[in-house]
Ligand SMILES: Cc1cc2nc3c(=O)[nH]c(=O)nc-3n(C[C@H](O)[C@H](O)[C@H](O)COP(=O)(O)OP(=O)(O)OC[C@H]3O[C@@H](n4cnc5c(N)ncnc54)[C@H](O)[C@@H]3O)c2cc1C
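Have a look below at one chain only, the form predicted alone, in structure tokens format.
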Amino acid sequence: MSLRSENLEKLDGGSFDVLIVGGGINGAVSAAALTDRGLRVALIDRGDFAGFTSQESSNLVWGGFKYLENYELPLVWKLCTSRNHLMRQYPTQISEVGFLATLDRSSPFPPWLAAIGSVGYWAIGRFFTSRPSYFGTDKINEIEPVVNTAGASGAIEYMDAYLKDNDARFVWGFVRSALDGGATAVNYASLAGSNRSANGWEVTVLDELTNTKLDLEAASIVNAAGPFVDGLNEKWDLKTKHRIVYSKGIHLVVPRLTESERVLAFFDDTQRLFYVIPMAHRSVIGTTDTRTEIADEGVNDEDRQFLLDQINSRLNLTSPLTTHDIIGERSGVRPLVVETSGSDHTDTDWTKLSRKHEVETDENARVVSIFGGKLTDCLNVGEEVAEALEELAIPLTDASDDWFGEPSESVRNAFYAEAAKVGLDRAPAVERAASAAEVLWRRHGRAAYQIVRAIEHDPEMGKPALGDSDVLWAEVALMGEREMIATIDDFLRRRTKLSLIYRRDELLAHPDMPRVQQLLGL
């Protein structure tokens, strides 16, 4: 917690070029991009970083295959470009993965049309991924015997990508990049008051953990509040061209359903896509697509039963999945962008509202607002926010490109060699085809060297914490020092994916938990 205290001190009485409100993917990537361009940046979030929408995604980095159905070719082109860029920049964190889409009575189009679409998708993605394939039912039975092909007419397999760890961990990487560049960032710090001044904004921030108020000045504000962007703009009496509507999606984490690392895709009974996605030694079923007016509605019994019914009818399982098989859950809203002057979208087909984003600038108020977006397009958001601030006459230096991406392959291989000397070339129990060194590198980058040094000093620190997890004791200690963990769920749910792949109550009751909390400073 010393890191958080240091940043609170920097925040109090500070003068910044920009205050970013919201520490999800949009706010985190904006903080990293703007810090890299020489600005004095402050980032606050009323909860933990990535503590809301950005921890509830499918962990997919994809170009939007389903948007082809609505002929949104420019959007698909843009998203595929962004996907390819992320895959190049994060070679260990983001991996290519096959999507096996089985087509049956619920599919809105026949296999031949889907096959043509998959080739078109591959071409729009500039042939960056492996080529798509078409399979008949015999081949489906051979490669994925768990799929029930009784009513199937065929399948296509196309390629996209996914995060090997979790979405919130990826967001934290941008926050850490901003901190390393000199930004001030504080979680559990809410906006308690704000007034326009001659120089921009006078802001009061509430430390939610101590109930202490801090004052600061900012020349401009970036509204990166995600689902709450409209409410914040209304508070400031800002009129915008766009606004947000909500679509709720849920995921259920269950025991592993297939031995392969591919994603299984199906159309549910309402002709909407849902997936079985690999996550360590578990499978994630989702997502749904439901209209809602509530940003934090959560998972209800109807949601759970719908997904369980859909997957049970499409897989050959020894016994049907029930609620007792659910290990973890995700529930989040997609902030979908619509025009303010448009209809209320009551009669709109929810699946036709894409995950595009819009960045708006109010020059008089000196506020930049980010509407919508998705993880795949995050680097573009950072670039566009930087351009928006230039419109406000805030001087920026040239970008260095150091604010995103992993170190080079040679640096990575040098770390693997060092890690092997302390036995980190073995695979953790819950990982598939990955050594402990690979896991540590993709989570920590160069900072993973500190873990190796800790294990050299004390080999016991190289053992897994909390039973057979893939988190080492030395890693827990490092997170306690440099990851601003304020609650146990910051650790279990966001800096790691532990409470997604293990039952949270069992983790809290584990004999190792007191030591974990001690190392985290909780």
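On a predicted model such as this, the values are computed, not experimentally measured, just so you know. So that there is no doubt, residue numbering starts at 1 and follows the sequence shown.
Only in words, not in the display: the form predicted together with the ligand, which the text now covers.
- The ligand is not shown here, and in the model of the complex it never comes within 4.5 Å of any heavy atom of residue 253.
- Using a 4.5 angstroms threshold between heavy atoms, residue 175 stays clear of the ligand in the model of the complex.
- Among heavy atoms of residue 328, none comes within 4.5 Å of the ligand in the model of the complex.
- The shortest heavy atom separation between residue 228 and the ligand in the model of the complex is within 4.5 Å.
- Using a 4.5 Å cut-off to the ligand in the model of the complex, each of 51, 62 and 191 places a heavy atom inside that distance.
- Of the residues given (45, 483, 470, 490), 45 alone sits with a heavy atom within 4.5 Å of the ligand in the model of the complex.
- Just one of 125, 249, 132, 200 comes within 4.5 Å of the ligand in the model of the complex, counting any heavy atom, and that one is 249.
- Screening 474 to 482, 461 to 469, 34 to 42, 51 to 59 for residues having heavy atoms within 4.5 Å of the ligand in the model of the complex returns a single hit, 51 to 59.
- Taking a 4.5 Å heavy atom cutoff to the ligand in the model of the complex, none of the residues in 485 to 515 make contact.
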